[in-house]
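One chain is shown next in C-alpha cells, namely the form predicted alone.
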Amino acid sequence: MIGRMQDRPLSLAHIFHRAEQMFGDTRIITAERDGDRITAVRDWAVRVRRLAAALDAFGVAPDARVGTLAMNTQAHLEAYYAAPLTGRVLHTINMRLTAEHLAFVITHAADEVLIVDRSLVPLLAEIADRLPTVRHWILVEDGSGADIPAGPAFVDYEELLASTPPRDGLFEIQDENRASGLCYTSGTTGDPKGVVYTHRSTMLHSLGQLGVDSLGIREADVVMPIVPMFHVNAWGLPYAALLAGADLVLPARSTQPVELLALMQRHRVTMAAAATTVWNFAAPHLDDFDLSSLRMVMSGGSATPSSLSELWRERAGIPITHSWGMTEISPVAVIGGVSAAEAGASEERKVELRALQGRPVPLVQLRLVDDDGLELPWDGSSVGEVQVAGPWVASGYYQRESEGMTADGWLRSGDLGTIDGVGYLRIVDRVKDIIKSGGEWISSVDLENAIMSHPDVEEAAVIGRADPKWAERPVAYVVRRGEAALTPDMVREHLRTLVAKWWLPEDIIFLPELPKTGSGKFSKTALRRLLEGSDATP
C-alpha cells in the first residue's frame, strides 16, 4: 500500500520564505568597527533577493559555484541563501588554507563568482592570475582598508545590491537532491577534498538541530556562531537559527576572547558555538562578564578537557557541551550532555558523562568496526573505528573516487572510539594518531586532556615517536598559560595520579603556540615535521 502524502521537496527555500513571512522582526547582528549593525530579517531578505537577481544578471550558470572568502557577517549570510536559492552552489572557502590550497579549491570547484571581504583580498594576491574559472569578483567593504592587488576587476558589493532590483516571487527548487553547498576538508595530508551538501541534507540537518535533545534551537534563542562560516556552514547554525526564527549574532572580525565575551553579554546570547580552543582562551576572562543568559556553550573540532568544561560551569554557570562530527557529516552527528536517566546521578558521574562526546542525534547511525571489518558491540570497552550513516552524511567526495566509504555505504570517520550500552560515544583517538608502546595502546586524546587539566597549561598535543625498544613513545608539546614557570617534571608529576606510568611522555617540549589546521585543530602533521627536524629536548 502506498501512502497519499504530498511529495514536496525539502529545500532551503522553505527556511528563507518561512523567515521572510513569519520572523520579519528577528534580528541579524553583525559586530562592525564602528558599532554593531542590527538588521531586521525583513530587510535582510530584500538584500538576499537583490543578490539573487545580481547573480541572474551576471549570467551565472545554473549549478555554478559561488565562492565566498568572508568572515561571519550579514553579507556572508546573504550569500548563504542567494546562491542555493537560485540553483547555484555556495562554496565557502577556508581563509586559513595555504595559497596553494586556496588556488586548488577555487579551481577544483570551478568557482564563477568570488565574494571577498576586503581584509581577505591579500590572500588572493599571489594566486589571482591562476584562477581561470572566476569571471566575477565582488568586494565586501569591511573597514580594513586592505590593499587591492592589480588584476581582478572587483565590483563593490553594496553598490551592486543598490543598483539591482530585488528578485520577485517564490524561490523554487524542484529537486531536493540538488547541490546547495560545497565545503572542502583542511587538506592536512594532501589536496583538500570537496564535500557537496544537498538542499535535502541541509534541511534535515537544520531540523535535527531544532530537536530538544540535540541543540534545541528555538525562536526565543539568540544564537552566536563563532565557528567560522567557511567551516562546514558554521556547523549549520545560520540555517537552523533562521528556520527557528532565532536572532543571529555574527562576530565578523571580533575574534579576541574579550571581544567575543563582550558581544555575548551585550546581546544576551543564549547559545554559542566555537572550537574548543576559543573557549580555552576565553576562560581566564569569564569573571569579567555577565553570561547568565547562556543555556548552551557548544564545542567541537577537538575533545574538550573536563577541567575546561568544569571551569566554565563554575564561573559562567554552564558547562561546555561536547559535539562530534566532520565536514562529511554536515557536521553534527553526536551531542554531549547528561541523559534524563542520569539526571539524579552524583556530580562526579555527571562530570564523567560530560567528558564523553555524547550520543548520536536522531537519524544518525553509528557503528564500531575492528581492523578485520567486524562490527563490535556497544559495551563501553570495545575499541573500533567509528563509522557513520545518515541522510546528512556524505556518500563520496566531489570529483573523486568514493574513498573513505565502506562497501556497504558507511562513512569511515578515521576516529577510534567506544560506545556504551545506551549510546554514549567516547573518542579514543584518530586511527593515525593512536600510539602503540610496548604492545599497549596510548590514547593521545586522553593524555592531552590529562595534561591540559594542569592549571598552568594553555594547550597540549601529543604525538608518537619511533622507539627502538618500545616501538613508539609519546612526546608532548605544551603551551604554558601566561607567564607560568612550568617545567617538564611538574607536568609529569601532575600526570602520575591521572594516567598509567608507562603513558608518561618521554619528552615534554614547550612552544609559544601550537600549529593549527585550517579548521582550528592541532596540526599533528606539523608537529611531526617539527619533531623530525629537532632534537626534541625540553
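All residue numbers are counted from 1 along the displayed sequence. All of these numbers come straight from a predicted model, not from anything done at the bench.
Just so it is clear, the following notes concern the form predicted together with adenosine monophosphate (AMP), a form of the same protein that is not shown.
Taken together, Thr327, Gln357 and Lys521 are fully in contact with adenosine monophosphate (AMP) in the predicted bound form: each brings a heavy atom within 4.5 Å. Taking a 4.5 Å heavy atom cutoff to adenosine monophosphate (AMP) in the predicted bound form, the contact residue among Thr277, Ser254, Gln74, Ser323 is Ser323.
With the partner omitted here, the residue from Thr418, Ser201, Ser302, Ser309 that has a non-hydrogen atom within 4.5 angstroms of adenosine monophosphate (AMP) in the predicted bound form is Ser302.
Contact check for Val388: every heavy atom lies farther than 4.5 Å from adenosine monophosphate (AMP) in the predicted bound form. Although the partner is absent here, Arg313 lies well away from adenosine monophosphate (AMP) in the predicted bound form, with no heavy atom inside 4.5 Å. Looking at Arg266, you'd find every heavy atom of it more than 4.5 angstroms from adenosine monophosphate (AMP) in the predicted bound form. Within 4.5 Å of some heavy atom of adenosine monophosphate (AMP) in the predicted bound form lies at least one heavy atom of Ile427. The stretch that touches adenosine monophosphate (AMP) in the predicted bound form, counting heavy atoms within 4.5 Å, is 408-416, out of 461-469, 201-209, 408-416, 371-379.
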